[in-house]
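Taking the form predicted on its own, here's one chain by itself in structure tokens.
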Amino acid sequence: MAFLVLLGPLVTGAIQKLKARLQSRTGASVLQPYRDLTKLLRKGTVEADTASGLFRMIPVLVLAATVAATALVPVVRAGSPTFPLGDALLLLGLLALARFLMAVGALDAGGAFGGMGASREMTIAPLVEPVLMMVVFSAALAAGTTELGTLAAHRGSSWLFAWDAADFLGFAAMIVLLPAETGRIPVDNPDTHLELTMLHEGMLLEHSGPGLACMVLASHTRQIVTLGLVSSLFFPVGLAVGAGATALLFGVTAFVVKVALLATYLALVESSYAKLRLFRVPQYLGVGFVCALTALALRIL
């Protein structure tokens, strides 16, 4: 859990740095997200007069739900029946809970932009979460379980040659879904606070100081959890079976490489496409829905 939470801001900094280089800019340091979090933790808190006591609890609850989700992702070891790592449905439920709490906090403050960002986020969520569940169900039908460690270990050493049509369609669905789940172009733009374009950022405008730091850290952590879920479902290479130092070191290295490749994909997408209009987002996410539904149908048939 600590490893993923500490690595999350670095992944965001690496994506921002790669985007800057692709756009012929120098860009900030990859350590800039850590500096931003440190700065926010030192600042005071400003709240709206209409905010209730629940508003002050929301950042901690969102961070707690997201950090709890990190405990369920296979990072360096594959699970076993005697040592389960966590259920995939619980992981998706924790991520959905964090999204719901963020929307509640934005509405509780009573601001116009927060309510608009919350309504937009809840419009996108029903298009994202069913696709995630169908991809997980497709993999679970092949492995016979929803336990993530067992799902990752199901392919074993022959994972590269065990791909079938359902796996390709499931991976295509996740590739379409990644920018939406991580709040990036073409679905959202994390680098702007313009009221006509923001989704996720709109829900953070009423937070400040340590509360905002918790929300930002939760966003970094959610991103690496999503990337870790994709890597464990489709690229379980490097996961250690035992507890030897060499195997664990190789597992950490393999995980970092896989996350770096997926982060590079996000940076390339953000630098190659423009943000979609809000009413075009369902058409984009519909591609992922069709791929996930077809993958699940192939597993059932």
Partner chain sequence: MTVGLGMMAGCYGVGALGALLAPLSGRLALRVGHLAGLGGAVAGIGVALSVLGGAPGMVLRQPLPDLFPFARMSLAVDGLSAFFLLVVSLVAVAATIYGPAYLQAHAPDAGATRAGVQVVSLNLFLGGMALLCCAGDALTFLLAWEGMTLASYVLVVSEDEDGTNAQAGLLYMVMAHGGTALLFVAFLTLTERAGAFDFDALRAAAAGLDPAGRNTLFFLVLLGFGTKAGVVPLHVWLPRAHPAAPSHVSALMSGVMLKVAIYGLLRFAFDLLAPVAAPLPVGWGWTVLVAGTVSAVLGVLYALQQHDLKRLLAFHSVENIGIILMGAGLAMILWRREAGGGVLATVALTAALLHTVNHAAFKGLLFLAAGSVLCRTHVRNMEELGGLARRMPWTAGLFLLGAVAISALPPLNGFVSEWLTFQALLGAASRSHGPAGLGIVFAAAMLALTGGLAAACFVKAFGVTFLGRPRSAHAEHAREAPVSMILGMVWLGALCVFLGVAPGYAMRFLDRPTASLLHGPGASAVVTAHGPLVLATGLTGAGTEATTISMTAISVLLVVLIALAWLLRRGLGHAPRRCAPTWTCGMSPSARFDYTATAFAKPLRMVFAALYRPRRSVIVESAGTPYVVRRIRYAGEVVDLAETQIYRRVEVGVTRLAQSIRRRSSGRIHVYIGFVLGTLFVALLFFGVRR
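Remember, it's a predicted structure, so these values are computed and weren't measured experimentally. Numbering follows the first chain given and starts at 1.
Below, we turn to the form predicted together with its partner chain, even though it does not appear here.
**Report entry** Heavy atom of each of L54, D108 and M134 within 4.5 Å of its partner chain in the predicted bound form
**Finding:** Yes.
Query raised in the report: Closest heavy atom of T150 to its partner chain in the predicted bound form, within 4.5 Å or not?
Result: Result yes; T150 sits at the interface with its partner chain in the predicted bound form.
Query raised in the report: K43: heavy atom within 4.5 Å of its partner chain in the predicted bound form?
Result: Because a heavy atom of K43 falls inside 4.5 Å of its partner chain in the predicted bound form, the answer is yes.
Query raised in the report: Quick one: does A20 come within 4.5 Å of its partner chain in the predicted bound form, counting heavy atoms only?
Result: Because no heavy atom of A20 falls inside 4.5 Å of its partner chain in the predicted bound form, the answer is no.
Query - Any non-hydrogen atom of L97 within 4.5 angstroms of its partner chain in the predicted bound form - result: Heavy-atom contact with its partner chain at 4.5 Å: present for L97.
Query - The single option of V67, L276, A254, A267 touching its partner chain in the predicted bound form, heavy atom within 4.5 Å - result: By the 4.5 Å criterion, the partner-contacting residue is V67.
**Report entry** in the predicted bound form: members of 287 to 301 within 4.5 Å of its partner chain, any heavy atom
**Finding:** Sequence-ordered list: F289, L293, L296, A297, I300, L301.
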